[in-house]
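The data below hold one chain only, encoded as structure tokens and taken in the form predicted alone.
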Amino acid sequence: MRNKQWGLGLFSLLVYLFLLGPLLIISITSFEPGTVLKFPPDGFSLHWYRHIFEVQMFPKTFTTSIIISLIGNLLSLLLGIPAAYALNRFSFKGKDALNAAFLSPVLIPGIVLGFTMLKYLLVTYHLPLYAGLLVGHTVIMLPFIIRVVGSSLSSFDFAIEEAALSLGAGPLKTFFKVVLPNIRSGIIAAVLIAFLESFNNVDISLFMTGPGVSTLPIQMLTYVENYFDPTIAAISVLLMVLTGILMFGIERLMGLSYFTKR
């Protein structure tokens, strides 16, 4: 029994090292004082963290990525929540085909989807770059919203909704006062997953960006093609810290809301 526990502990340690090892190496190399990325670093310096803000395109593309992800997330919620509700609440002809159509952006290779959007949105219909980029990111976020919100709705007891309707509440009031509060955790999870998918997206953004319009991942890709300094490692560390703070804040907010209700 003791040998079995020791083996399980060793296996768990190897799994954690495999998952967290690259993040640890990136974090350490971001403090390299020299002009070449190396591990282990020759010293300790915050120079490359300052360099991020000295390169004008990094803050600019970060802002663009945030705006596109937030607006696209909002549009995906407006489209995805009603779609997920309809797919889980009602039975109708063509339901399976419609569900497959909503999830198709996940199944199609990103480079194929990105080229298709480039051809039709920008070349054929001459949409502005920002509008085309927003449409592309909304499309790739929509399946995650529908899938995660749909999973929450699949465990929701619609008898509660019927009870509210029978007591005189209107359909809209029932939806906003009864259904949405019960799937709030699923909506928050869907928003986070979709936001990260949009913010980190490369394949769609690569086709939908152009002169003067770019996202942070594309700018990082362009930078690393020409430079081998620790700037990208420093950006990665900052993004990891921001993600951790965001996740911690949402977790605390959800916990506080839960105990307030109790």
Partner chain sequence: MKKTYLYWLLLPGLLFLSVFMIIPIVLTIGSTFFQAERFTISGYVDYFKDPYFLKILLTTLEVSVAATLLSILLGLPVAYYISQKAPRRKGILLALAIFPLLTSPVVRSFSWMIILGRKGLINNLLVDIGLIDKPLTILYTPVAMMIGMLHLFLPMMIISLVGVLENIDGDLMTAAQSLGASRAKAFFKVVFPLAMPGLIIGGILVFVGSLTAYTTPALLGGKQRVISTFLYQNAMTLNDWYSASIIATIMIVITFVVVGLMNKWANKLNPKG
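All values reported here derive from a predicted model rather than from experimental measurement. Positions refer to the first chain, counted from 1.
One more form of this protein should be noted, the form predicted together with the partner chain, which is absent from this view; the next part is about it.
K.L.:
Considering the partner chain in the model of the complex, which of 187, 169, 83, 178 comes within 4.5 Å of it through any heavy atom?
P.N.:
Checking each option against the partner chain in the model of the complex, the one that comes within 4.5 Å is 83.
K.L.:
Which residue, 55, 46, 196, 66, is the contact with the partner chain in the model of the complex, using a 4.5 Å heavy atom cutoff?
P.N.:
Looking at the other structure, the residue within range turns out to be 196.
K.L.:
Check residue 200 for me: does it contact the partner chain in the model of the complex (non-hydrogen atoms, 4.5 angstroms)?
P.N.:
Heavy-atom contact with the partner chain at 4.5 Å: present for residue 200.
K.L.:
Given that the partner is absent here, does residue 41 sit within 4.5 Å of the partner chain in the model of the complex, heavy atoms only?
P.N.:
Outside the cut-off, so no.
K.L.:
If we define contact as a non-hydrogen atom of the residue within 4.5 angstroms of the partner, is residue 156 a contact of the partner chain in the model of the complex?
P.N.:
Residue 156: no, not in contact with the partner chain in the model of the complex.
K.L.:
State yes or no: in the model of the complex, is some non-hydrogen atom of residue 135 no more than 4.5 angstroms from a non-hydrogen atom of the partner chain?
P.N.:
Within the cut-off, so yes.
K.L.:
Along 85-118, which positions have a non-hydrogen atom within 4.5 Å of the partner chain in the model of the complex?
P.N.:
Read in sequence order, the residues that approach the partner chain (within 4.5 Å, in the model of the complex) are 85, 86, 87, 89, 90, 91, 92, 98, 101, 102, 104, 105, 107, 108, 109, 111, 112, 113, 115, 116, 117, 118.
K.L.:
Are residue 15 and residue 189 closer or farther apart at the Cα level in the model of the complex than shown, by 3 Å or more?
P.N.:
Result: farther.
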